[in-house]
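Okay, here we've got a single chain as C-alpha cells, the form predicted alone, with questions on binding and movement later.
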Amino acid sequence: MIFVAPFFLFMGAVFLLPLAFIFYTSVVADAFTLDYYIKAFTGALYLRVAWTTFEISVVSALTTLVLSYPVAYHLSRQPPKRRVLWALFVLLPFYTSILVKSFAFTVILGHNGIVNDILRFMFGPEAGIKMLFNRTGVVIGLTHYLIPFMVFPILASLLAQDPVLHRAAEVMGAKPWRIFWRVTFPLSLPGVIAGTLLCVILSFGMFITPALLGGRKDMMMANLVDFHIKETLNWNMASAVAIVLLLLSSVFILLLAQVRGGQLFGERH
C-alpha cells in the first residue's frame, strides 16, 4: 500500500480536488441549487450541443474504423520487424501537437488549400469543395488524430487469433473472403468495439479541432464550457456542462472496461 500511496496522493491533488471544486461550483451559487443541471438537460441550446457532440464523436469513430481496420489487418500479416517499422508511421499523428495539426488542416482543406487546388486542376475551376469551418473539417481532423487509438486495439485482437483456426477453414475449402468474414472479423470484434468506444470517449472532450475547423453549428460540449467561461462568465453553468460531459464519458468508459474485461463476449480464461 505504501508504494501506491504517492499515486493516490497525486491523483487526489491534481484531479479529484479540482473535480470536487467544479462539482461544488455547479450546485452552489448564492445557495444550493440544481437549476444549472436542469437547464443543461432541458435547454434547447444544451440539448442541441450534446446531440452535435454525440453525432460528431460517433461519425468520427466510424470513419476512423473504416480507415483503420485495413491498416491493422495489413500490420497483422507482416513479420514482427516490419510491423514495428509500419507502426511508427501509424503513430505519425502523435509526432506533433493537435493544435499544430489543426492549423495545418486549415491550409490543406481551405478554399484555396491544397485539396481544392488539386480538384480545380483536375475538374475545372468550379470543382472546389467546402471542407473548412463545417462538420466535414471537424471529422477529418478528429479522424486523423484518432487513427492510432483504433489501429492498435484491432491489431491486438488480430494478433491474438489462433492461426490454426484459419488453417482449419482453408482445409475445409473456405475461400479467403469467407475466412475473413466468418473467422477473422468476428474474432476481432472485441478490438473493434474497444477502439470505437475509445475514439468516441476521446472525441467527446475535443476542443481545439472543432474550435479551429468547425462552424457555428458544430459547437461541441467542450467548446460550450469555454464559451460560458470566456464570453458569459457563467462559471456555474460551465461547471454543470463539464460535469454532464464527464458523466456521458463515464458511461462509455464503463462500456470500454466491460469490453476489455471480456464481459460482453464471455469471460476469458
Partner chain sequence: MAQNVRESSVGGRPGAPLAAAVSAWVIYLFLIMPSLVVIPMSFGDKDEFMFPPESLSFYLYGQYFFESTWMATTLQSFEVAILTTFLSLLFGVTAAYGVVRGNFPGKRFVTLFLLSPILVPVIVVALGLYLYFSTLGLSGTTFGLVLGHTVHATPFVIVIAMAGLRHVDPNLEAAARLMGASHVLTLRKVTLPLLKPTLIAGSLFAFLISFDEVVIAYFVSNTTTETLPVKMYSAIQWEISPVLAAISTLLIVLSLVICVSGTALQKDDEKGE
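The shown structure was predicted, so the numbers you read here are calculated from the model rather than taken from an experiment. Positions refer to the first chain, counted from 1. Just so we're on the same page, rigid core means the largest C-alpha set that superposes within 1.5 Å between forms.
Although not depicted, the form predicted together with the partner chain is the subject of the following passage.
Using a 4.5 angstroms limit between non-hydrogen atoms, residue 121 is distant from the partner chain in the predicted bound form. In the predicted bound form, none of the heavy atoms of residue 56 sits within 4.5 Å of a heavy atom of the partner chain. Not displayed here, the partner chain is kept clear of residue 125 by more than 4.5 Å at the level of heavy atoms in the predicted bound form. The partner chain in the predicted bound form comes within 4.5 Å of no heavy atom belonging to residue 193.
Residues of 204-227 lying near the partner chain in the predicted bound form, listed in sequence order, are 204, 205, 207, 208, 222, 225, 226, the criterion being any heavy atom within 4.5 Å. Comparing the forms between this form and the one not shown, the C-alpha position of residue 86 differs by less than 2 angstroms, with the core used for superposition.
The rigid-core alignment places the CA of residue 99 2 Å or more apart between this form and the one not shown. Core-superposed comparison between this form and the one not shown: the C-alpha position of residue 75 differs by less than 2 Å.
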